[in-house]
Each structure stands twice: as structure tokens, then as C-alpha cells.
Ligand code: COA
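Consider the single chain below, provided in C-alpha cells and representing the form predicted on its own.
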């Protein structure tokens, strides 16, 4: 199995706040979204753009994945954002308001034309009604040459609520169909998917509940709006000791000579199949990747 890159905690940081960009180097977060869009006022876009360029170019973020969220290409700032991001060479560029595969291809072509390194990936905000209806088509773009950089879906639940008039309530019943659809689309084409933000960052119980729900839906992690959310989020999306121990036991059992050609075996009185072994390998790989960071 390929090396895993945990994306349990993905923290938004406003590009206009130089102090926050520096503090981010000390946070136990898996990924940082250096934001040029929603978190930055129009008159601060240029300053934020330069500060993000300096931050990414300067380094010092360790294992943290660096993602630049640009403004849409249909805005006055999008073209300059994309040019800067291609130059800076982050791990990924996060594109807002994606509605179709053509949006992915357009960004891919522009990154290639700007000379962006092949390792610069595309993340997309899934935050519009059109995106919900076209989730499979958008994810499938990753299989095309122009969409090859696509790697992660980010759920934009606040914008989705605004556009659909659905309410964000405990349990998120109005949104469950969309969340599950995006999980299925992402998995169908080998993408990762990260849940939307939890707005009441002082409500620790509510946040923990929503993290658990997102994990159970199949999300890889959650986007965050405050540093205090990082550690509980990491805990929620990390496999527990008992889960890892059980996974190792399944793997070891299938590796026994007498079991290597079997599709199903018994482990500790429970029937397990090869699909459970594959799931177990992923659990162990994620656990090892997390352990390597600490």
C-alpha cells in the first residue's frame, strides 16, 4: 500500500494575518489552507497574496500540507492568485465554487501553462447545488490528463447551506444525502474527502459529535476555523489502539501459510474476509503515518 498522508485536521488560516501564518508553524495540524477568498477582505487581497507567497516560499511548516485557496477565476483577483500560487509551489491549490469537470480542466490547463510543478495538486470546494448534482462527473475528471492533479474534495457546508437554504442542524439531516454522495464520488475515483467546518468553536461537545458523524460517513478529516479544534479533531479521526491491534491481527492471520489462498477465515471467533484485510492494511498505514509525525 502507498504511503498515507493523514488529513485529519485541515485548518483555514487568513492570508492577511501574518501573525497567524507564523503561528501555524507550531500547531499539530495535518494541513493548512492559506486563504485568499472568504477570510480576506477585498482591500486586503494583494497584501494577503504577497504574505502567502512569502510564507510558502520561506518554508518552516514541517510535515504540514500547505494549500492555497484562491479566489474564483471569474473574480477580479483569481488570475493573480493562481499565478502566485503556481509560482509559490504549495502542495495544492484549493479552487472555490467548482460546478463541473470543465472547471477542473480549466484550472489544470492554467497550472500547466504557468509552469506549476507536477506535484502541485488541485483540491476543490464542493459547495454549490450544481456541484452536488455533478459530484461524480467532477471526481471523474481526475482520470483525464487535464484533471490529473485533482486529489481532494473539501465540503463547503456553509456555502451549501446558503445556496440551498438547507439549515445546518445537529446531525445535519438536511445535508446527509449530499455529504454521502460526495463521499461515494470521491471514493469511486480515488480521491480524499474532508468535511466542512463546525462554526461554534466553543461548543466542544457539538464539535466532537460532528467529527464522529463525519468519520462514520467516511470522511478523512474535517476543516477547522480555530486552533482549539485541532487536537480533538486529530483524536476523532485517528484509529484507536484497539482498532489498530485488531487490524494487525487480521493482517497477520491472512499472512499465515494456511490462509493465504482463502477468501474468508476465522479470527478470534469472528469471520473476516479479504476485504477486511484490505481495510485493516489502511488502518495500520494511517496509524503508522500518524505515529511517524510524533
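Since this is a predicted model, take the numbers as computed values, not measurements. Residue numbers count along the first chain shown, from 1.
Same protein, other form: the form predicted in complex with ligand COA, not shown, and the subject of what follows.
Just to confirm, with a 4.5 Å cut-off on non-hydrogen atoms, which of 39, 247, 265, 53 contacts ligand COA in the predicted complex?
None of the other options qualify; the answer is 39.
With ligand COA left out of view, choose which of 197, 134, 142, 185 has a non-hydrogen atom within 4.5 angstroms of it in the predicted complex.
Filtering the options by heavy-atom distance leaves 197.
Since the chain is shown here on its own, which stretch among 145 to 153, 76 to 84, 206 to 214, 219 to 227 would lie within 4.5 Å of ligand COA in the predicted complex, judged by heavy atoms?
It is the stretch 219 to 227.
Using heavy atoms and a 4.5 Å limit, would one call residue 201 a contact residue for ligand COA in the predicted complex?
Yes, residue 201 sits close enough to ligand COA in the predicted complex that at least one of its heavy atoms falls within 4.5 Å.
At the 4.5 Å heavy atom threshold, is residue 49 in contact with ligand COA in the predicted complex?
Result no; residue 49 lies far from ligand COA in the predicted complex.
Contact of residue 27 with ligand COA in the predicted complex (heavy atom, 4.5 Å):
The answer is yes: residue 27 has a heavy atom within 4.5 Å of ligand COA.
Give a yes/no on whether residue 10 approaches ligand COA to within 4.5 Å in the predicted complex, heavy atoms considered.
No, no contact at 4.5 Å.
So, 239, 276 and 282: all three within 4.5 Å of ligand COA in the predicted complex by heavy atoms, or not?
No, the whole trio is out of contact, none within 4.5 Å by any heavy atom.
Can you tell me which residues in 94 to 117 come within 4.5 angstroms of ligand COA in the predicted complex, by heavy atoms?
Going through 94 to 117 in order - heavy atoms within 4.5 Å of ligand COA in the predicted complex - there are no hits.
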